[in-house]
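What follows is a single chain, given as structure tokens, in the form predicted alone.
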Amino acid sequence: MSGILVVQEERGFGRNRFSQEALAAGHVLAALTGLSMETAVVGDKNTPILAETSGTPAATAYAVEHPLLNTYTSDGYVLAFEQLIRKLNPAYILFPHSYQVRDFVPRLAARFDQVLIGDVAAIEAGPSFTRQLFQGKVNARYRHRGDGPCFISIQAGAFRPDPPTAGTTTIYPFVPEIASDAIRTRPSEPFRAAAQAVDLSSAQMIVSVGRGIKNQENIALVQNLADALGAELAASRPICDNGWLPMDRQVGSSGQTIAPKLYIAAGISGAIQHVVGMKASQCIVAINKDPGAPIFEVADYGIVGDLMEVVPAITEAVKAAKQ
């Protein structure tokens, strides 16, 4: 067995951020093992994801084509990727840790008498794969044993996408054999979020508010800062549970997982349930009047003070800098 296969997701608009992060993880694993890397995606050679060259591209990509794969089903994807994996015989197969992957990859791994090492947050020499347990309170390291391929899914935000580079990728079509009666489910229309839903995962700057805001009327202070920066407004779970902001603004283990360039946490204590959703941010600024707040342990910059005073001062400074 040799090589690394990174399976990407395509959703009609090109490669999503989670697929970019899976590619970055593949390059880390390739550097540690000396193995070559290939990619695969369901679609034909004109699939937008295969035309992209942002990030370090793989030299070889496989377009997995079949009419029965035009709409996602667990049965179809398991059959298709089982055949591709048996053809390529890779040592490692990496996936983004998406809902779709969680649906079909455990079954796919079982076809090879393997298990999925899911939600991997780090890859180290060995190689060993680190997963976080009990909402990030414990790190567990796993190593693959045996002769079969190793199946891995990559935690959202754990690996930063590779910087844009030019490169050439050779695309090969792969047409699996799938009988129509092998598809046992009849999929309905894909779920679509409400029109006002916010995709915080694509935001470059986020200002997030927590319990320290005291009441709903004060959220306007944090909104003013977000507006001045051109950032999205987000919140910890208590704010959304109280109905002060919509649930699509929640960051954390039960909300959205994000990795913006700038994350400002105003009045957020830093409970592990929140931290697991934003720890991959490139720069974290924490504002809290409690110097012992856990949020300061993950912050790049900390401001000890009352957000009711600090946030308006930062807002004015940002406005002045833009003049």
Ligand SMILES: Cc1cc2nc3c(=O)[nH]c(=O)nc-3n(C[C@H](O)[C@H](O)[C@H](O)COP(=O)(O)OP(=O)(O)OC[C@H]3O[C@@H](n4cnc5c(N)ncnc54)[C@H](O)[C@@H]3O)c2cc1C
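Don't overthink the numbering: it's just position in the shown sequence, from 1. Just so we're on the same page, rigid core means the largest C-alpha set that superposes within 1.5 Å between forms. Remember, predicted model here, so these are calculated numbers, not experimental data.
Another form exists, predicted in complex with the ligand; not displayed. Remarks below refer to it.
(Q) By the heavy atom within 4.5 Å rule, which residue out of Q273, T33, T47, T60 makes contact with the ligand in the model of the complex? (A) Flagged contact: Q273.
Q. What is the one choice in P90, P96, G210, G76 with a heavy atom within 4.5 Å of the ligand in the model of the complex?
A. If I apply the 4.5 Å criterion carefully, the residue I get is G210.
Q.
Would you classify D306 as touching the ligand in the model of the complex, given a 4.5 Å non-hydrogen atom cut-off?
A. Yes, D306 sits close enough to the ligand in the model of the complex that at least one of its heavy atoms falls within 4.5 Å.
**Q.** Contact test in the model of the complex: S253 vs the ligand, heavy atoms, 4.5 Å
**A.** Close contact exists here: in the model of the complex, S253 approaches the ligand to within 4.5 Å, heavy atoms only.
Q. Even though the ligand is not shown here, does H144 get within 4.5 Å of it in the model of the complex, heavy atoms only?
A. Looking in the model of the complex, residue contacts with the ligand do not include H144, since no heavy atom lies within 4.5 Å.
Q) Heavy atom to heavy atom, is E297 within 4.5 Å of the ligand in the model of the complex? A) No, E297 sits far enough from the ligand in the model of the complex that none of its heavy atoms falls within 4.5 Å.
(Q) Among the candidate stretches 63 to 71, 38 to 46, 22 to 30, 265 to 273, which one is within 4.5 Å of the ligand in the model of the complex when only heavy atoms are counted? (A) Looking at the partner contacts, the answer comes out as 265 to 273.
Q) Does superposing the core leave S254 with a CA shift of 2 Å or more between the shown form and the other one? A) Where the cores coincide, S254 still shows a C-alpha shift between the shown form and the other one that is 2 Å or more.
Q.
Quick check: D75 between the shown form and the other one - does its CA shift reach 2 Å or more after fitting the rigid core?
A. It does not reach a 2 Å shift.
Q: Note yes or no: does the Cα of G34 move by 2 Å or more between the shown form and the other one after the core is superposed?
A: It does not, since the G34 C-alpha is displaced less than 2 Å between the shown form and the other one after the core fit.
(Q) Knowing the shift is 3 Å or more, I'd like to know if the C-alpha atoms of A121 and A293 are closer or farther apart in the model of the complex than in the shown chain. (A) Result: closer.
Q) Compared with this form, is the I295-D119 Cα separation smaller or larger in the model of the complex, the difference being 3 Å or more? A) Closer: I295 and D119 approach by 3 Å or more in the model of the complex.
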